[in-house]
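First, one chain by itself in structure tokens, the form predicted alone.
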Amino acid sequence: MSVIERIGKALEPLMLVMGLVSPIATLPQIYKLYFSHTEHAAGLSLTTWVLYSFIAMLWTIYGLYHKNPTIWVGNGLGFLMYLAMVAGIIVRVGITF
């Protein structure tokens, strides 16, 4: 086993955790959008959050296809978080850029 393979194998559990941290970091944004700063929803980019959602969905499908939870767990959670942002922007502002 090469050095890169050993490092990759050792990083696998850490990367699963990091894959969860990234979408969870979206929670404060969701909270502000829905509860504390709803008046600022017009300043959010619907296009950006739709793209984040689409990319996370593709990574989730790819991870499921390869049966790799390191890929699909975090991206699946991210997909749900990003969709919550998309829904909140649409509800608060409507279809916008």
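Each residue number is its position in the shown sequence, starting from 1. Keep in mind the model is a prediction, meaning the values are calculated, not measured. So that the term is clear: the rigid core is the largest set of C-alpha atoms that superpose within 1.5 Å between two forms.
The same protein also exists as the form predicted together with another copy of the chain; that form is not shown, yet it is the one meant from here on.
- In the predicted bound form, at least one heavy atom of residue 48 sits within 4.5 Å of another copy of the chain.
- Using a 4.5 angstroms threshold between heavy atoms, residue 72 stays clear of another copy of the chain in the predicted bound form.
- When another copy of the chain is considered in the predicted bound form, residue 68 lies well away from it, no heavy atom lying within 4.5 Å.
- Though the partner is left out of this view, residue 18 does reach within 4.5 Å of another copy of the chain in the predicted bound form, counting heavy atoms only.
- Annotation for 66 to 97: interface residues with another copy of the chain in the predicted bound form are 66, 67, 82, 96, 97 [heavy atom within 4.5 Å].
- With the core held fixed, the Cα of residue 11 is displaced between this form and the one not shown by 2 Å or more.
- In comparison with the shown form, the Cα-Cα distance of residue 24 and residue 7 decreases by at least 3 angstroms in the predicted bound form.
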